[in-house]
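Just one chain follows, in the form predicted on its own, and it is written as structure tokens.
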């Protein structure tokens, strides 16, 4: 299992002090100091010894070390090179960990998956404690890699987690909710209080599991149009659907034609975009494609 010392606040403070490491709040450097929460994250990944896993954000190696004994290889991407001396000490007992010191947002992940596949290393799962500032763009980035990935387990800010699992009509429901539910089956695994981190963030977090579909569960003829219709419908949340779509298709499809399309698929033109389900957006997109 992991180095249990790494979930001890005393040990974390000792390491940070020894190497004169200052946590960057803007990078979301809040280190997990709770063995139970760590265990929940690891269990939710359903790992086997034959697997290689990708971790986002090595931190001081708490989750990295826990993953090491359960998998063939851990590949971890870490932005902050100042963590090198800490990681040399905390991960010294492990020999199946590779750390890539890069910013994941600028890293060529497509090439990463291709190269590992050539080497015979199947990386189909990803895990990480995601800082708020990159969580939304990064989750979207991973959905574009759905042909490589089967499962993602992320520790995210509670409000991000709520948006990922939100249902049509709720105030948390957003473009991200629909995109998430198009590419995956999201599950709330556990609510995490801010007290299990050092230093403590100001907000609670959520462990979320994304079961990534090999093929989305609904059939969409033109994916680009489908995503653009969703964006157009959410741009002004209070607007009626007919007005949002008329603005988007201005010059290409007139208002009467859009009304006709909505009538054909039995969607009231006066509804707001935020009340449409994933299936209804697919129906709308497919009808407009015709």
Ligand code: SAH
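Keep in mind that what you see is a predicted model, and the values were worked out from it rather than measured. Residue numbers count along the first chain shown, from 1.
The form predicted in complex with ligand SAH is left out here; the points below concern that form.
Trainee: Checking a candidate spot here: are 222, 234 and 286 all in contact with ligand SAH in the predicted bound form (at least one heavy atom each within 4.5 Å)?
Mentor: Result no, not one residue of the spot touches ligand SAH.
Trainee: Counting only non-hydrogen atoms, choose the one of 44 to 52, 258 to 266, 57 to 65, 235 to 243 that falls within 4.5 Å of ligand SAH in the predicted bound form.
Mentor: Only one stretch passes the 4.5 Å heavy-atom test: 57 to 65.
Trainee: Contact between residue 158 and ligand SAH in the predicted bound form at 4.5 Å, heavy atoms?
Mentor: So residue 158 does not count as contacting ligand SAH.
Trainee: Is the gap between residue 31 and ligand SAH in the predicted bound form 4.5 Å or less for some heavy atom pair?
Mentor: Yes.
Trainee: Is residue 178 close enough to ligand SAH in the predicted bound form to count, meaning some heavy atom within 4.5 Å?
Mentor: No, residue 178 sits far enough from ligand SAH in the predicted bound form that none of its heavy atoms falls within 4.5 Å.
Trainee: Mark residue 104 yes when one of its heavy atoms lies within 4.5 Å of a heavy atom of ligand SAH in the predicted bound form, and no otherwise.
Mentor: Yes, residue 104 is a contact residue.
Trainee: From the list 124, 80, 187, 162, which entry has a heavy atom within 4.5 Å of ligand SAH in the predicted bound form?
Mentor: Exactly one listed residue reaches within 4.5 Å, namely 80.
Trainee: Within 130 to 157, which residues come within 4.5 Å of ligand SAH in the predicted bound form, counting heavy atoms only?
Mentor: 131, 133, 134, in sequence order.
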